[in-house]
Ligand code: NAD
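What follows is one chain in structure tokens, specifically the form predicted on its own.
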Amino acid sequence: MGRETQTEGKPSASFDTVAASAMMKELQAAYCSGTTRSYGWRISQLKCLLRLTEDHGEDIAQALRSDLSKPELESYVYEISMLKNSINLALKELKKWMLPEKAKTSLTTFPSSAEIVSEPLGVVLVISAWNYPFLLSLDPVIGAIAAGNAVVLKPSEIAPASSALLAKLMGEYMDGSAIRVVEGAVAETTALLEQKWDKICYTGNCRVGRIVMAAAAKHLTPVLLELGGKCPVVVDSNINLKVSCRRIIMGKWGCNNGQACISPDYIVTTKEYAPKLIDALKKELERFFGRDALESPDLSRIVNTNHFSRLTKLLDEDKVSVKVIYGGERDQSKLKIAPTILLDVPRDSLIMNEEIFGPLLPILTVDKLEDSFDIINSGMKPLAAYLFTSDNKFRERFVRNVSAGGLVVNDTAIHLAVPSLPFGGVGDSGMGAYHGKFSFDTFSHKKAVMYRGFIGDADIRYPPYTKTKVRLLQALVSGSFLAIIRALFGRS
């Protein structure tokens, strides 16, 4: 049963298409009133969101612990602190972001001036994911509010404690006339997708992404899709091995135990270097999580039994299970799977053809590192790709030849924390981007505006059309002074 949380925090009994339609009318009325467009409203709502995160850090960490057994450090660093940074940046820069951008004009429209005005899209929908339920819910909402939109947030039902807390706190802190939270599962999401939105932001998997995009297409609604994919790590031999392994481990198992869209999905290295890399990974994993990783309080659990079964299926495939060289332990009662390394799994196995989204890490070996390009580019374009090398020429080739939503050299996942970089996918890993000003831009329409006075009204644009007018207009459109002179003097 879904529920819609308003300012008073009083949920309705159910949420279906009728309720969704009624809610849309209320939000459209709020948006059309002009309230959300004002700088004052945007700032006030961003401050409310900041106060929400500051007042309820412990509650948020507890909800994350309940849903994912997420370690407290991960909760504060990767969710709460990143949200605060995102809000503070918007508060600091919003006035500048809202200013019109000057645009150049041409001889064809002389005399004139032009600018690009950022205007809100209207009423937008944010459908978030369960793995980072606060960050992935509220970071897009920050952009939607900063851009002046009314917004509906649909948290993931797979993280029920986080969803309930989001609904409660948003209802208490935010302006319920323009900002709503709708809880629920497939039925509630379906009811939401039947409405005509001005933009939909969805974070999740490709299968649901296609459903969202198909629903949006019926209303010609633009979409921002963050879909993940198989994120590769290419490891050269000329590196600081210990530092590289620590960074790979933190990007894989230190980020929600592999349940992250930018988590390393597999490693590619040379046959010659693989033994050194594997030994170093084992040593650092034991140092981080102990000899019995299932008992480590610093390792998140698998989110639910369905995902546990999915990962078990990947691991237990006949041609894969024999490739485990480290880890593989699991405890279904606790929904825990230990960090697991596999060596040279078959390319046609399930684990190499699905996004893993868990603590399993295959290592593929090649004769020469350049072969990694073919492996990466033969599959779906990843959301992120990582390279560890000290070879500048190889680094340049990697950047030039690998297509991914984002690239990081000599680390993993940290580009997510840089607001001056767009975060988004390409191809199957998604479309559109956000973070920092990119969030403001993605929820804004860039409106072209041109200004002219009444002087300089030339006869050449009006009938009757003579050969001289045609030549002169062609010259003006080309922007060439020489062509204009020739046209004025009747020369071709």
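Note that residue numbering begins at 1 and tracks the sequence as displayed. Note that the coordinates shown come from a computational prediction; the quantities given were computed from them, not determined experimentally.
Separately, the form predicted in complex with the named molecule exists; it is not shown, and the next lines address it.
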Can you pick the one in 204, 358, 120, 327 that has a heavy atom within 4.5 Å of the named molecule in the predicted complex?
204
Sort through 213, 243, 73, 186 and report the residue having a heavy atom within 4.5 Å of the named molecule in the predicted complex.
186
For residue 261, is any heavy atom within 4.5 Å of the named molecule in the predicted complex, or not?
yes
With the partner left out here, check for me: in the predicted complex, does some heavy atom of residue 265 sit within 4.5 Å of the named molecule?
no
Does the named molecule come within 4.5 Å of any heavy atom of residue 144 in the predicted complex?
no
Give a yes or no for residue 226: in the predicted complex, does one of its heavy atoms lie within 4.5 Å of a heavy atom belonging to the named molecule?
yes
To test your reading of this chain, name the stretch in 358-366, 177-185, 271-279, 385-393 whose heavy atoms come within 4.5 Å of the named molecule in the predicted complex.
177-185
Within 141-176, which residues come within 4.5 Å of the named molecule in the predicted complex, counting heavy atoms only?
154, 155, 156, 157, 158
